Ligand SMILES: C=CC1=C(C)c2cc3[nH]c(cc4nc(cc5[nH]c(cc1n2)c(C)c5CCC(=O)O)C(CCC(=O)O)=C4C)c(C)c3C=C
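This document opens with one chain alone, in structure tokens, the form predicted alone.
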């Protein structure tokens, strides 16, 4: 019998009543015993109820980073990992939405963002590299974050512009994400949940701050945050979530808004089956489908993120692929497969094997049929349309691979969108507020002086670095090769 722990209940005699009022599914599920414990920070004025499986070692309280030491479990299909520390139940949710119809519900989709015109490329790159979760400088050198980002963005912009020009002059990511938002809203309506769906991009318009401002203006009373990254990484979902939490903690209204964040959802049955459907469909295009190598290409991250910062991305990616392949095997599809990582930049070591290296190796081994699967992405953008479809395809054909195919991103696939809607409904009852922290207080004069000094140092050393690279072309060229 599974044991569930209900937070927010001081008196054991009120368990059944609270479960019925605030979490109807809990009382109706079979084979579940309910225990009580005091909720830290319990507020009599707004009872908050959530649950967690005591046997689940991956319980993460709201607001903390997801660090999973056992992310490779093979029995997690159909579950969603939320920051409230709750694994939702496998049963189909039908009554949860009835408990929240009185609220004004919001869903916030988090995504990377992308330049919409060629003129946007350089400032977009600056925003990207100015993020300390993308370029992780030692604490002593963090004052150089923005000057370094400015330099890198200027040096990388010409090449990046060529890439965006080749796919039409800009990224389609905003358009696709807007379409996904509309499709999700309609799917939620079909499931009897009325919700406003917002889009928050991390590095380009509409920025997170814009979406949060609209959420506040609309007086949303419960919010589900859904990153459009199936697997969690500190450089994608983590960066967006930390920014979001920072914004919320600095605002009295937002800090009291009940929020549920779905950090990782690659293990959901709807996502797994939707990916398997796309792969199965593309395999049928080949004359000999059984000979095709299924080539999963995932966006890479530096090795230090995994080994030093505890990023669960690699484990979740491997688990995700295992679940997809198990689903394909259940359909009688038993092709060989491999995983590689793309999009590395800079001189540091990234997760291996690298996509370009593996393509060459497969060609040398005599592989003739290959199906590329962009496993990190649910929307088409430059890394699928240009990097995979153009660069990697050309490399594969040059290496001896004769038949190349590519699985499209999920986009607005109906089964995928429907499953996201289920994830939202399941996460909604678990929303909890972010408590204001002392960090919201105004800085002291000493702190202000420290910030001024940091700005002066950053301006000085950034100018020196830019001067050196500007007037020593060979050095600048060498530096450019590293980034």
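Keep in mind that what you see is a predicted model, and the values were worked out from it rather than measured. Residue numbers count along the first chain shown, from 1.
Absent from the display: the form predicted in complex with the named molecule. The rest refers to it.
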Mind telling me which stretch in 242-250, 302-310, 139-147, 400-408 gets its heavy atoms within 4.5 Å of the named molecule in the predicted complex?
302-310
Name the single residue among 345, 154, 360, 333 that comes within 4.5 Å of the named molecule in the predicted complex, judging by heavy atoms.
345
So which of 160, 277, 263, 255 reaches within 4.5 angstroms of the named molecule in the predicted complex, heavy atom to heavy atom?
160
Is the named molecule in the predicted complex near all of 200, 416 and 421, within 4.5 Å of a heavy atom of each?
no
Can you tell me if residue 355 lies within 4.5 angstroms of the named molecule in the predicted complex, counting non-hydrogen atoms only?
no
Just checking whether residue 339 would be counted as a contact of the named molecule in the predicted complex - the rule being heavy atoms within 4.5 angstroms.
no
Decide whether residue 293 counts as a contact residue for the named molecule in the predicted complex under a heavy atom distance cut-off of 4.5 Å.
no
Can any non-hydrogen atom of residue 225 be found within 4.5 angstroms of the named molecule in the predicted complex?
no
Going by heavy atoms, what in 377-392 lies within 4.5 angstroms of the named molecule in the predicted complex?
377, 381, 382, 383
